[in-house]
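Quick setup: one chain, the form predicted on its own, written in structure tokens, and binding and motion questions come after.
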């Protein structure tokens, strides 16, 4: 595990540079990237379509999925897919990106898992997974005390409920996140300083601790404000 501290104004560009660099190192015919939602990833996505990155990124062989999504229409401003479209996908039309769809959240989770396996095989491995860190230590839509954190099953994608709002979500299961080749955790802002310090403490029981069992390399990209208590 590595921690990269970046000055706030350079944060989006630094992470975008890392994504382009990692994608360029993938020798397989298909590059699989799992996107995260939120304002911090949005800053990164906007930097992906700025030169020279937009010309260097291998868009034609990259497929994008969502590590988690709110159960809302993809035209809703709360949708992570909507945000990804608005910040960069619409500017790179030759790239394939897959929204979460279905009649119910449970059906959507099942169908999304099938879709992932269709494109990446029965034992899918993402080249890059982008994650955030919530104020309560959650990542993707794996919240504190969620039964999904302890579930011992073969499921790769599941539906869940936000513990406070009651909103339905769809999320990657820990096993799918843990299998990734590279995991980038994006943390920005002084309000994240305390939880980041806890998240990086060995033996913590926060949801983000699922990364303790990750098979690939993990890099925390944090800005100077978030790093204040490290």
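Residue numbers count along the first chain shown, from 1. Fair warning: this is a prediction, and the values are worked out from it, not measured in the lab.
In what follows, reference is made to the form predicted in complex with a small molecule, a form of this protein that is not presented.
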Between 165, 39, 201, 205, only one gets a heavy atom within 4.5 angstroms of the small molecule in the predicted complex; which residue is that? 39
Looking at 136-144, 114-122, 84-92, 100-108, which one sits within 4.5 Å of the small molecule in the predicted complex if you count heavy atoms only? 136-144
Going by a heavy atom distance of 4.5 Å, is residue 182 a contact of the small molecule in the predicted complex? no
My question is simply whether residue 80 lines the interface with the small molecule in the predicted complex - judged by any non-hydrogen atom within 4.5 Å. yes
